[in-house]
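The chain below stands alone and is given in structure tokens; this is the form predicted on its own.
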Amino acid sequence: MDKHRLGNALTNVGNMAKRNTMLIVLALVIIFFTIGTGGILLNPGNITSLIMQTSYVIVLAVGMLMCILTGGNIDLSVGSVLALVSVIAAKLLVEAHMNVFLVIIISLIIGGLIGAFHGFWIAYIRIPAFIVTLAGMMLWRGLQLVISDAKAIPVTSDKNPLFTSIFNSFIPNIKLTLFGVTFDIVCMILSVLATAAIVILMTRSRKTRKSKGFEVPSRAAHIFKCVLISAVILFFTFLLSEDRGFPFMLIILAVILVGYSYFTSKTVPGRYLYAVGSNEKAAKMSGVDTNKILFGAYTNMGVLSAVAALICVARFASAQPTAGEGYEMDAIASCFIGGASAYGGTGTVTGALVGAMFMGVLNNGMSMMGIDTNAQRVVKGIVLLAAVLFDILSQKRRKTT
């Protein structure tokens, strides 16, 4: 009997490890770089910087995931779109002295129009996404350089305080000392609320899946996962409270992540993305307007590229002519590392978040350890190849079983 229970326990642990492979890998990478940097990686100031550095990659990764779900399609133009929108936004702010909220709306519209331009050729003319977005990468980058005259446009906080505060500010600290330990009340309240919301959603999801006959983790495994996630959130929030407080950017990211997670898992159009990626012909025969789904995915990618552009302008206090270079690779890698399938039809917003954080920790950790930039590219290339290889082998294993 004891052996039977032990066997079940080991099986549950193994299944939980399989379902959370990338979280485990991310934890190991954090531990590795924490040791390699002498603890600097988990310094409160560095945690804040890591969040701000990774924010635009997370936004781009969420948009890229929508494209990948439709059949392994990607968007190579996101970095160039980001650069173009950032220049236009900076010029409207600095030279036209336009209202901040009007600039944000115009930027989002421009991003959406560019995405719709790509989506039209991909969805309705059926030019391969790789070709369309490769052309877009060159087109929008060239246009950006023409508009900016290849010069940086400064957007300083003293002249544009409202704009920079929206994307680059912190909720003021309210310190409280108990038993010799100083806490930031705001950070603690927000972390407790976030933890409670996540635990409730995870519990409801487990009950729903169980009631529908799906396989779910054991109660002990579920409780362990909830406790672990809660501890991680509280730990990192405590680190944030030791620095400048709770970044407003985290609230923006939370809205995006929760919104898109709900869209992909709970709405009909969101499920259509998976249907198109799994089998476009079958989806079309079932009455799904596959062209519309493809068009929407790329239009959405343009809008999120504009959001990332606004974040970058606020973070770097300028629109740089080299802005966005290589961002498309980080976004694509984040999705595949986070479990999205190279064939489409598989992937989650949570996975894209984990992949983006993995890339952020990798970049940050290697930089702090003084690893050469060229060597960093080698490492990231190997990691991306390994993630795609893992996906392909998994696909083959499912077909043979």
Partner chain sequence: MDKFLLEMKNIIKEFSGVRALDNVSLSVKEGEIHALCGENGAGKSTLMNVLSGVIPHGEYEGEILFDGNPVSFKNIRDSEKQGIVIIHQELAMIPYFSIAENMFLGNERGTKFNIDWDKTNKDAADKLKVVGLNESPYTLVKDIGVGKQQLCEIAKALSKEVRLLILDEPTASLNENDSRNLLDLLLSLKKQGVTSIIISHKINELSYVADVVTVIRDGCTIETIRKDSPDFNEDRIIKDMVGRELKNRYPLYEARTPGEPVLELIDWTVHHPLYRERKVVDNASITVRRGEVVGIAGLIGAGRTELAMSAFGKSYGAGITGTIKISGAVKKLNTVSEAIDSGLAYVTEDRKGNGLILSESIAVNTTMAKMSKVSHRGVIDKDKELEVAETYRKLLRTKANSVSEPVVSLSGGNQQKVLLSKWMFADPDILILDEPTRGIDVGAKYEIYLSINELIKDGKSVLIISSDMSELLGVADRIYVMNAGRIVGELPRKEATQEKIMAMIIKSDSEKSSTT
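Predicted, not measured: the structure shown is a model, and the values here were computed from it. Rigid core here is just the name for the largest C-alpha set that superposes within 1.5 Å across the two forms. Positions refer to the first chain, counted from 1.
Below, we turn to the form predicted in complex with the partner chain, even though it does not appear here.
Q: Are all three of Y262, S278 and M285 close to the partner chain in the predicted complex, meaning a heavy atom of each within 4.5 Å?
A: The answer is yes: all three residues contact the partner (heavy atom, 4.5 Å cut-off).
Q: Only one of these stretches, 263 to 271, 228 to 236, 107 to 115, 74 to 82, has heavy atoms within 4.5 Å of the partner chain in the predicted complex; which one is it?
A: Going by heavy atoms within 4.5 Å, the stretch is 263 to 271.
Q: Within 4.5 Å of the partner chain in the predicted complex, heavy atoms considered, which of Y124, F214, F101, F130?
A: It is F214.
Q: By the heavy atom within 4.5 Å rule, which residue out of K159, R219, K151, R209 makes contact with the partner chain in the predicted complex?
A: It is R209 that has a heavy atom within 4.5 Å of the partner.
Q: Does the distance between the two CA positions of N99 reach 2 Å or more between this form and the one not shown, the core being superposed?
A: No; N99 is a residue whose C-alpha shifts by less than 2 Å between this form and the one not shown when the cores are overlaid.
Q: Cα of K207 displaced 2 Å or more between this form and the one not shown, core superposed?
A: Result for K207: yes, a 2 Å-plus shift.
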